[in-house]
Ligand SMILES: NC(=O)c1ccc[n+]([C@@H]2O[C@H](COP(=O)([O-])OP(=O)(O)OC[C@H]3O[C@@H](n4cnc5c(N)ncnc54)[C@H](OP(=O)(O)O)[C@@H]3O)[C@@H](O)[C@H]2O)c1
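We begin with a single chain expressed as structure tokens, specifically the form predicted on its own.
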Amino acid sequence: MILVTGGTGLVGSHLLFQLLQSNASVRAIYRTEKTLSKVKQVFSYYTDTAEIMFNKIEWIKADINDIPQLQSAFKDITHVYHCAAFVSFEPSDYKLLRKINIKGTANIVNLCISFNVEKLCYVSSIATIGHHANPELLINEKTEWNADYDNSIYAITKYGAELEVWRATQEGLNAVIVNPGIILGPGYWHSKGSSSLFHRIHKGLPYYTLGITGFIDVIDVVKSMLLLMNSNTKNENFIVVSENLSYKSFFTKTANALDVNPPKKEAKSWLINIVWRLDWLKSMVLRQPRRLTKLTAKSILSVKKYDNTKFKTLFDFQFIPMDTTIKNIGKMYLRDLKS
């Protein structure tokens, strides 16, 4: 039997759908009942039998930091897809990020060892990959992480989670790690994740930046996970990115797909630096969550180009073009907007 953590998230829900398509026996972890409706919504994008498929999943209510609950979830499990994570770039969330991303992952890999799980797939991020001083050089799996660099708290805790996975491989666990770029997929329009970008762009964005990063369709993330888990490959990590796009290009393509005006003005670095400082001041005075931190501001200005050659070569894999991804997700967003 297969166990999926984070089954109610963007990657987890799409993974569950693909696993059910292959008639796999699946158990999934959830924390609150209200999140289960998101899974049904995702299923409904791809099938008319969403309810039937959803009911094939054995759902276990558990927290990845509650060992007794997790022990029940691990009974008779042979393979684990660890998708659960907390995404935040707010410095005030650092302790929670460590608890979920690092300690939670340590719990998962320890139980994988205890229950003799055959293989684990961990969903990490390109945020844990190093970068070059020369932005034109492609970043690959061998590009070293620099702990002295001004890394985001999210990147730090995801890197810490990876270390837990690598530690477990030294203790006998077979594991693979995927490092996806910004994951694009439908159904989580009002979350803190990347799907919310479609909602924000539809509302109207006046500014763009010339920063560049990697993007990937959630369907390709899931396919890469399945390919790696069903292969003899073990104890390696893989960058999975479809294309490196500038934020200007992504915003423009998405705005066109949503039939709204694309941003027309470039947000220069001096403007971005003023905005994140004002946002910090506003959050301190009004006690509101940050919308733009210093490190997210730095990220959207940075040029980072990722190399997907390792994964593409191993499986002769063709990623979905971003134009196709953006158009498809745009249609789903507009359909949900009307319903």
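Just count from 1 along the sequence shown to find any residue number. Owing to the predicted nature of the structure, the values given are computational and were not obtained by experimental measurement.
Same protein, other form: the form predicted together with the ligand, not shown, and the subject of what follows.
- This chain appears without its partner; in the model of the complex, the one residue of Val241, Ala85, Ala175, Leu228 with a heavy atom within 4.5 Å of the ligand is Ala85.
- Distance criterion of 4.5 Å from any heavy atom to the ligand in the model of the complex singles out Arg31 from the list Lys310, Lys282, Arg31, Lys298.
- In short, of 248-256, 133-141, 120-128, 229-237 it is 120-128 that has heavy atoms within 4.5 Å of the ligand in the model of the complex.
- The ligand in the model of the complex is approached by Tyr154, whose closest heavy atom lies within 4.5 angstroms of it.
- Taking the partner from the other structure, the ligand in the model of the complex has a heavy atom within 4.5 Å of a heavy atom of Asp63.
- Within this chain, Leu10 lines the site of the ligand in the model of the complex, having a heavy atom no more than 4.5 Å away.
- Proximity of Val165 to the ligand in the model of the complex falls outside the 4.5 Å heavy atom cutoff.
- Contacts with the ligand in the model of the complex, taken as any heavy atom within 4.5 Å, map within 178-216 to Pro180, Gly181, Ile182, Ile183, Ser194.
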